[in-house]
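Heads up, the chain below is alone and in the form predicted on its own; it's given as structure tokens.
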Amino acid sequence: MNEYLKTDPWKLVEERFDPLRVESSESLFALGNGVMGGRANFEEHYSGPSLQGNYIGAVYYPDKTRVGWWKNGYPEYFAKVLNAAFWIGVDVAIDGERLDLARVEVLDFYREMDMRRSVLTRRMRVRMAGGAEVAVEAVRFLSLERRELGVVRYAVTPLDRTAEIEFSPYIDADVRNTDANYDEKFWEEVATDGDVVRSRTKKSGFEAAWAQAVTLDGARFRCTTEPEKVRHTAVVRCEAGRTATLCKYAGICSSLNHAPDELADAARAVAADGLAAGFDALLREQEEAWARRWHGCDIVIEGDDEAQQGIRFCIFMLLQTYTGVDTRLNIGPKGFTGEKYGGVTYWDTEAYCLPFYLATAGAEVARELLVYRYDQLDKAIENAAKLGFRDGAALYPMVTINGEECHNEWEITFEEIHRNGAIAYAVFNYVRYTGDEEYLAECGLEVLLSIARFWAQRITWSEARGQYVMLGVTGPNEYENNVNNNWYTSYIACWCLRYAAEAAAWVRENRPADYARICAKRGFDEGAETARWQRIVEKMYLGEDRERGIFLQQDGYLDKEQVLVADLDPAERPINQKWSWDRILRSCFIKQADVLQGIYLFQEDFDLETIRRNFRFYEARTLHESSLSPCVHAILAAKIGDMEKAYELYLRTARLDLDDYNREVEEGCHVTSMAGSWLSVVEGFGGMRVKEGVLTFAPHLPEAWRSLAFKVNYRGRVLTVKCTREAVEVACEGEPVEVEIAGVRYCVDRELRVEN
């Protein structure tokens, strides 16, 4: 539990100012509206340590890769979502003295993120060096309805004397990324004119413009410009107890949505429209828009405030990060909260995030995530060709922003190929959940065929074993590199081959015109290719240790000294910061769910005792030093009835950033793993799965919880499911739907109650 933050079901609250926690709070209190976002930097000047960050989705820079020596197939760059212009700036001076929390006496401090409406509020009382005591309230939000508009209201009240207050709202485009590989500046100025700054990214050629419109109690502003900066300045004289209130409306437009020569006018128009609407009307609009967002996705936990705050924070961050309004956008591991991982797309999207958006935002939004990958299929084929694959085989990138691979660690770039399986599984998961089999004909089958072709070429026939094997891979557990026969990778590869063949047969039988188009476009010979796929599946080697009754993570895993996590000195953790890489690779310790990742995805393939044996063995050796790990373990622990372990791991995933388990939240929040936190509640404790086209529930509640209620959007209906120890209740908004509870099927018209 983080004692610095107050526990509240709908808010993040800090009630004191701690200079050592400024950067952590900048991450936790970050704002976003699905297309842009930024860290919770102070509006006024702050001379203490700070990670300044404002980001525009899909505007990136190809930062030159930094490696010791080059390898064939290596990407030339690592894409970075850029730190963009600092649009929130409001310099303030009291009687000529600059307001700076690093240099004044902070008497009171309160900051609140209202997750119900995505509004950031900060109140403070300070004593200036000159003795003046003033109160400040700053309120900020990014409009969910007007996605290019940012709004700031900044109010200053002298408390003990009349004071002269100077407000200088500004936009500063002279910014850099802290993670630049060669300390290079990624933006260059195009023009600075009046109330607008316009910049262009080097190499990638994106352009953006920022404009501000400001009001201050009827005061007149003087406008000044500097290179890459615009500033409006006004001075007001305030008596003690009187408040001076500045409102700032920022238009933030990019060449993703506007022609470059129209950007300045577009940004001015957004700012002017915000000014015309006014702060109060925009705030009401924000509240209504966010109420609609929360309607289909809220989770209510009774009896456990920490668990409640944790899951709402996770949902809130996911809602701020992606809304499905643009197929060019995706979900970076840090969202809009920091620069680490470049803000680009990983397999996290398909393995963890897609189920959240499927169940909370509906089929259309989730479909956009699949279309994102479909649109990049030819790039995936090109990526595979660079590594020697042919005939339309596709290897989707481990890291990307435009379809090109831009990750530069060989053991991941070339060997962590299980990501292909996650993308194929996402197509299956979407079709299973929505019933939209038409997607296979429109887009999905082409992706599945190209992925299957990759597996068919990547798998090797072993004369010695008389079986097919998978050589030289890295599984989800990145504390093992270049291993043979990683169970998870091999299992999901075989599943991909089977599913691609099934999808091809469905399209051929149900959409013959599309089937003919796809065969011609992709050169698909169903008979020959699926026959080879079937041979591979039938003859694939999948390691087992029959004595222990477990699947073997990879060849040689049991040759390692089998030390348990419980026996590891806590002072040596995290081992990725305390041990040499050689020592890590020789240890049995697991970074994140690997075998258990496969068991989670394909639970229906295994009986409960098999799941239990594998869970007991691998959980004891897993460090959870990846944010993506605890949620999978929590779901499986709930399934086998180990509620104490399930609850422990749920808190670790849901409060990972709030409690800063990994001591790194100042770099940004773990946004994609937050989708895993949602999975741990809905699929773990709620026991939700889709089986044979029917939504099923098998709830298991932690001891501390009196009840659990969650909402899911299922095939056009919003279902509210409430689980207590006495009963399961389901309410349906929309057409009647069939559900299964504890193995019995029911038709839900409006409301259903099933006694336990």
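Keep in mind that what you see is a predicted model, and the values were worked out from it rather than measured. Start at 1 with the first residue shown and count on from there.
Although not depicted, the form predicted in complex with a small molecule is the subject of the following passage.
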Q: Using heavy atoms only and a 4.5 Å cut-off, determine which of 478, 683, 339, 529 is in contact with the small molecule in the model of the complex.
A: 478
(Q) By the heavy atom within 4.5 Å rule, which residue out of 589, 347, 316, 141 makes contact with the small molecule in the model of the complex? (A) 347
Q | Residue stretch of 590-598, 160-168, 538-546, 616-624 approaching the small molecule in the model of the complex, non-hydrogen atom distance within 4.5 Å | A | 590-598
Q: Evaluate residue 333 for contact with the small molecule in the model of the complex, applying a 4.5 angstroms cut-off between non-hydrogen atoms, and reply yes or no.
A: yes
Q) How about residue 450: is it within 4.5 Å of the small molecule in the model of the complex, going by heavy atoms? A) no
Q) Though only this chain appears here, would residue 672 touch the small molecule in the model of the complex if you measure heavy atom gaps against 4.5 Å? A) yes
(Q) Although the partner isn't part of this model, could you tell me whether residue 501 comes within 4.5 Å of the small molecule in the model of the complex, counting any heavy atom of the residue? (A) no
